[in-house]
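A single chain, nothing else alongside it, follows as structure tokens in the form predicted on its own.
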């Protein structure tokens, strides 16, 4: 006896759908939220990881200060150039306003404002880094000079490395700006916005480092 063939539900349409499903190979495409783009989400997640890194160094700093509890702070014979660091802080804080000016410029379609803001931000960041290196040269102690020297250079040096990385991002953004790569379309000025977010993080982190190490 021959078995009767049973038609599949949906007839030819169901067969076509099955064929289409089997034609797709590999994992499905990633779902992207319409609220935030991938580049911005990436830099925000990176900043969160860097906050944790700085947190580890701050924990070491406060352990030295609170648990070891030297009679004076900074411990003798260390002296920190508070005035120079304060001037450097003003320079870096000013760069937050100039990078904001650059971003607002391109959002409004003002490419000249964007170029000016990026260039001035880059110069201010370079000045900050130069002053910090000059401070290291004349400060009178090294990273090998007791525990305080180690934690001082660790915190300020870690931040200096982030400033250097930010300058690299600003360099690429400035070059692209002068080549006309950006316009006011939101998707076409991410190359300015992402370095701007990172630069604001660098500025905020330095304010915390400055008040923790030089003022408190």
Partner chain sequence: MRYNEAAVFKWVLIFAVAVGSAIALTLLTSGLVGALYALVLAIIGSWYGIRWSREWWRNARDRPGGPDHKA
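Only a predicted model underlies this, so the values are computations on that prediction, with no experimental measurement involved. Positions refer to the first chain, counted from 1.
From this point on, the text means the form predicted in complex with the partner chain, which you will not see here.
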Exercise. Does at least one non-hydrogen atom of residue 100 fall within 4.5 angstroms of the partner chain in the predicted complex?
Worked result: yes
Exercise. So, in the predicted complex, is residue 44 in contact with the partner chain at a 4.5 angstroms heavy atom limit?
Worked result: yes
For this session: Although the partner chain is absent from this view, report whether residue 96 comes within 4.5 Å of it in the predicted complex, heavy atoms only.
Result: yes
Exercise. Hey, in the predicted complex, is residue 107 touching the partner chain, heavy atoms inside 4.5 Å?
Worked result: yes
Exercise. Would the partner chain be touched by all three of 146, 152 and 162 in the predicted complex, meaning a heavy atom each within 4.5 Å?
Worked result: no
For this session: Note that the partner chain is not shown here; using its position in the predicted complex, name the residues of 191-211 with a heavy atom within 4.5 Å of it, in sequence order.
Result: 193, 196, 197, 200, 203, 204, 207, 208, 210, 211
